[in-house]
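Before any questions on how it binds or moves, here is one chain, the form predicted alone, in structure tokens.
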Amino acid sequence: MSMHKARVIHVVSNDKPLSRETSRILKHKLENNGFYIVDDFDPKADLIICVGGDGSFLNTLHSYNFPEIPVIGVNTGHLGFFQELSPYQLDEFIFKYEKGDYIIQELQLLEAAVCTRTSCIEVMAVNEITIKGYLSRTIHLNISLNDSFLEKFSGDGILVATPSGSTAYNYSLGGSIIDPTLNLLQITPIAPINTTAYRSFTSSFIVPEDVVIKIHPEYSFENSVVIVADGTEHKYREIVEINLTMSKMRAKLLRLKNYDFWNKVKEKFL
């Protein structure tokens, strides 16, 4: 069979023994069905299969810079919210994939322009971006929506979540679960201080997708801000402004046709 006729699939796995073994079985099954497997990222691949947990899924999207290629996950981790398949479903998946019996779900991505006095750095996330004080110090943030001042936040920090990130850290902080078909962003406070000295909102805000969330930090001791994108921490000094917006980029998830978000929520959280 020529490589041209074979559909190209990139299989990526974390280092856990169960993931490696699942990956080996998966590659064998795919090759037996006439697929061509690549171990290194190929921009011409038709599909990326990620074997691991939700962390592996997020790492895959970040390390390949949110590729145009659809991604599907095989869950060998704990929660497996993004991961569509269990290891026992490999044959069913290959059968359905061959038939075209799937849908492509587009995930909205969040981007932050982190600006010092001299330059801006772009940070991207699938789930959330959090802005915290260095060394867990209380942070003071002036927050505006477009050009409308909202509040001077005081507390541990704030989190901005996409709909798909609403079930992650955002949910742990008491934020709302948002259906991923809705186009919006959620701003959730992290341990807000609400006293006579400091007045902060104590619940989430839901804002439309075209809003620019503008954040101006106020410094008292340490002029550093920690920005965490999908669990990866970045420390920046001398930040003047952070602008968070819904990205024009999308990540593509391959889902089997029986996928239902609220069933998944019920199954994973209740």
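Numbers follow the displayed sequence, beginning with 1. Every value quoted in this text rests on a predicted model; they were computed, and no experiment measured them.
The next section is about a form of this same protein that is not shown, the form predicted together with a small molecule.
Trainee: Could you work out which of Val225, Cys50, Leu58, Ile213 is the residue within 4.5 angstroms of the small molecule in the model of the complex, going by heavy atoms?
Mentor: Checked against the cut-off, the match is Leu58.
Trainee: Which residue, Ala168, Ile178, Ala112, Val160, is the contact with the small molecule in the model of the complex, using a 4.5 Å heavy atom cutoff?
Mentor: In short, Ala168.
Trainee: Classify Pro208 as contacting or not contacting the small molecule in the model of the complex by the rule of any non-hydrogen atom within 4.5 angstroms, answering yes or no.
Mentor: No - in the model of the complex, heavy atoms of Pro208 and the small molecule never come within 4.5 Å of each other.
Trainee: In the model of the complex, does Phe153 have a heavy atom within 4.5 Å of the small molecule?
Mentor: Looking in the model of the complex, residue contacts with the small molecule do not include Phe153, since no heavy atom lies within 4.5 Å.
Trainee: Although the partner isn't part of this model, could you tell me whether Thr188 comes within 4.5 Å of the small molecule in the model of the complex, counting any heavy atom of the residue?
Mentor: Residue-level check for Thr188: no, no contact with the small molecule.
Trainee: Answer for Gln108 alone: is it within 4.5 Å of the small molecule in the model of the complex, judged on heavy atom distances?
Mentor: Flag for Gln108 set to no.
Trainee: Okay, which stretch from 138-146, 73-81, 89-97, 196-204 lines the small molecule in the model of the complex, with non-hydrogen atoms inside 4.5 Å?
Mentor: So the stretch in question is 73-81.
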